[in-house]
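The chain that follows stands alone, in the form predicted on its own, written as structure tokens.
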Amino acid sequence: MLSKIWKEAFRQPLWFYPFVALAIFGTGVGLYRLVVGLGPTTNLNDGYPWGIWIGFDLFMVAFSGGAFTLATIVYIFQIEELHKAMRLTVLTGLLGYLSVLAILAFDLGRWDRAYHFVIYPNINSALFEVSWCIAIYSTILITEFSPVLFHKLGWDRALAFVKRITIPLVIAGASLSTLHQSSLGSMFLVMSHRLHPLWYSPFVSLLFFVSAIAAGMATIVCATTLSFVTFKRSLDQRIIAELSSYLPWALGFYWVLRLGELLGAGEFALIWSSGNYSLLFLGEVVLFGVAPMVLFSMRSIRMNRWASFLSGQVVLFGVLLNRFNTTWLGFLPVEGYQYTPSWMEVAIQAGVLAATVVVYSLAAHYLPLFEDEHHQAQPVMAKS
């Protein structure tokens, strides 16, 4: 058994091994941080108690939004043609949430008391609700993904049981995701004195939720393409095109809400009169608004594997920029304080992301993630 595992370890693509090394290095730095604390390992301070970890956490939660979005579309709205994307999407969501939990362990000052929200509940805190929702939803994602493992192991009874409770799981998962995706935005309602008006909004909870739906769909598009390139296993591009056709609608709804709120608050002129903040905001408009709405409105783009992949990346970079603007770059300065991430913060974050890539790659290589696999020599291209 060990000899077989050893042989398999050297049959992975060449790009796989640098990610393994980065994951190991990041884990070592992370263990050091847990031992010595935040002070010696980060540049966080009283003026900037949040850094790149929180930005990435909020991005990864949105990145994982495809799981509840697709599950709702398939099982609640009965759009069965998208069912073939479920396994890959649930895996992506699960790994996203596990990476969030890993980073939270490093980000908490007293990581050894992470369980205290269970025995010392603060029902007036948005983080109390977020903590419970993420913990329960991660469990639901594990249960939703378990049929893939049960199928691989031949555990037919366990597989049949999970299939019987699929609909209740999906309803619970969608409800919990709606709660914590929006509640993450609720944390910023108390930050009107710190967050620039371009990002502070009474509708920030709804904006976080809608942007997570769009980010989740973009994640599915990108993940299936990466699997095709690496393992020659993916979904029919027509399925991806069908799913991504909903993206312009989600993005359009998001920007109607966001720009409408600025207009209603009399702050619309801040878009071009806020210096560097205006540049950051316009970056979101382009990356998370105009560009992907135009691209995904074109069927020729959606039916081209590479074009849809690049368009999906534009969406994800836009969400990433939005989360960093909301948690760090969009904060108003505090006299006497500044923040630049330390190399250890960057190393830990990179290590967690590398570990996520490693696990995803192994799962895509050894597990039946695609109910309808396609082994094509060339990417699907649009007909001329």
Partner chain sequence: MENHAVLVDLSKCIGCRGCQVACKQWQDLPGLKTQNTGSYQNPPRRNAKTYMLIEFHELEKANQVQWVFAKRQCMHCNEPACASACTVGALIKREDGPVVYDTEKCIGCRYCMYACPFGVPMFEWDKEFSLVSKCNFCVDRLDSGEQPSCTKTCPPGALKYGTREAMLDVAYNRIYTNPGKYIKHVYGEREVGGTSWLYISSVPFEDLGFPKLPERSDVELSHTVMHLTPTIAGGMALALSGLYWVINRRRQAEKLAAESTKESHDAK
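None of these values were measured; they are calculated from a predicted model. Residue numbers count along the first chain shown, from 1.
Just so it is clear, the following notes concern the form predicted together with the partner chain, a form of the same protein that is not shown.
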item	value
Residue 116 within 4.5 Å of the partner chain in the predicted complex, heavy atoms	yes
Proximity of residue 120 to the partner chain in the predicted complex, heavy atoms at 4.5 Å	yes
Contact of residue 272 with the partner chain in the predicted complex (heavy atom, 4.5 Å)	no
4.5 Å heavy atom contact, residue 175 and the partner chain in the predicted complex	yes
Residues 143, 198 and 267 all lining the partner chain in the predicted complex, heavy atom within 4.5 Å	no
The partner chain: the contacting residue among 293, 126, 134, 148 in the predicted complex [heavy atom, 4.5 Å]	126
Listed residue (310, 257, 298, 191) with a non-hydrogen atom within 4.5 angstroms of the partner chain in the predicted complex	191
One stretch from 316-324, 351-359, 59-67, 39-47 that, in the predicted complex, holds residues within 4.5 Å of the partner chain by heavy atom	39-47
Residues from 78-94 in contact with the partner chain (non-hydrogen atom within 4.5 Å) in the predicted complex	78, 80
